[in-house]
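Below you will find one chain, with nothing else, as structure tokens; this is the form predicted on its own, and questions on how it binds or moves follow later.
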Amino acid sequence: MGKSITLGAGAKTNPVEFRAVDKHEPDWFYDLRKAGWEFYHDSPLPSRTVHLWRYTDPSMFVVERPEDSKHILPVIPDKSLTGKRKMSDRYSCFGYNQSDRQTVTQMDDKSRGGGVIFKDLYSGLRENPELVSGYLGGLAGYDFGKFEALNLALWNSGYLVYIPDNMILEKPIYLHRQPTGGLSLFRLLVIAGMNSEFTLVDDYSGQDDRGGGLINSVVEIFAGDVSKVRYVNFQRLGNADKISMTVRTKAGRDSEFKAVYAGFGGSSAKINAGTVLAGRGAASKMSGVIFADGKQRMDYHTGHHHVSGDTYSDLDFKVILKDKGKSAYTGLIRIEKEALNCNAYQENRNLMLNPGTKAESIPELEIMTDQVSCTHGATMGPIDQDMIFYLKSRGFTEAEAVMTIVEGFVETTLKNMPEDFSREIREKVAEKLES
């Protein structure tokens, strides 16, 4: 049971040794953690010449003294905990983390009776080792990258979501992730069974009371054959916070994966989101609404990797910039030689509300076969003043005209979101426009 970890022959000896195994953690998990620790210390910072980090300095996400966190393990939940936040009847499952790192989870009767597993990840790897050991680190393992390695070594707040075969949840699963201190290390493992269907909302909100924290998060999603999974990533952290996040999905045969990214908070946000279309007939659609104002910097990288034939991917990212906000979007479509008859589309549009903003957009294609249909495009520019003039001639104020144009700009993307959250995004867009 578990994984056998072997570092490369050139691995160095770490100046800072990892901690001893804890009595509560399985050996296979400890080995995984230790491998992440060693890879983090043996790896240099990502080069600014590589595509992923071209527009963001990776040093801003470095933890100065990671050894101070190596003994901070996830908290085993206190099942007698009083004063829990009440789960809304809008959700099938509800989870949140507290400042003491306790992760609280609740389920409705249908989920519990149907075999759904929803619990803090630390309890999951101890109580469901056969399940977790086969998936944890399978998409973003200890050698995926420097910051992902640190996350695997030190995460102390996480969730396990397992949806069994043929299970359909009409109501979303809602996770509230809030900063836990100067350094927050989050993990999420989602396993969707065959022919299952559900929506998961991953909401990063709140702010570090100390005036600016660092959040490092990794999400792994396994979408089983013929499953339908919708993942909503909502980022509205405090404006002094910084977040680095990696999301990786593996889509099985004839599965349908839809992801929506809404980014509004943080002083700097670096998001790396990708889907591997591993099964024939798999489909993936990514959409995004990003709004940077003040001196915020948003950097999103997306990837669709077509491994199997007859697969489909579509990407539509909308970016709004105001004040001195900056955005960088890089997207990669890769289609392997054996992946025939694939269809892939990618579009990024940037709306710049005033001089002083800056947008970068680089869509990329790596096509190893010619039996595909693939297109990409990007636009950036200010609001058309003729549209402003037209709306003002119909009685709109200038502010109302701008609001109307921006709402129309993002509306096609919001249609992909659950209604409650599309309404919240509209409100967040309006709030930023009025500030």
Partner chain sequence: MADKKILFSIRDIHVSVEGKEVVKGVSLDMQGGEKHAIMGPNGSGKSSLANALAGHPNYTITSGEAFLDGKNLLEMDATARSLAGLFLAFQYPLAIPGVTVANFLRTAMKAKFGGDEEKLRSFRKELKSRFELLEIDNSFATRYVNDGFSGGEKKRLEILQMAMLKPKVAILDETDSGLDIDALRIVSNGINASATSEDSVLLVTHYQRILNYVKPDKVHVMMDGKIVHSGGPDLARQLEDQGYDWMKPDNAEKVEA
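What you see is a predicted model; the values in this text were computed from it and never measured. Residue numbers count along the first chain shown, from 1.
The same protein also exists as the form predicted together with its partner chain; that form is not shown, yet it is the one meant from here on.
- Interface residue remark: residue 23 is not counted as part of the site for its partner chain in the predicted complex, having no heavy atom within 4.5 Å.
- Within 4.5 Å of some heavy atom of its partner chain in the predicted complex lies at least one heavy atom of residue 409.
- At a distance threshold of 4.5 angstroms between non-hydrogen atoms, residue 51 is out of contact with its partner chain in the predicted complex.
- Not displayed here, its partner chain is approached by residue 391 to within 4.5 Å at the level of heavy atoms in the predicted complex.
- The stretch from 362-370, 56-64, 391-399, 28-36 that comes within 4.5 Å of its partner chain in the predicted complex, counting heavy atoms only, is 391-399.
- Listed residues 375, 379, 43, 404 were compared with its partner chain in the predicted complex; 404 is the one with a heavy atom within 4.5 Å.
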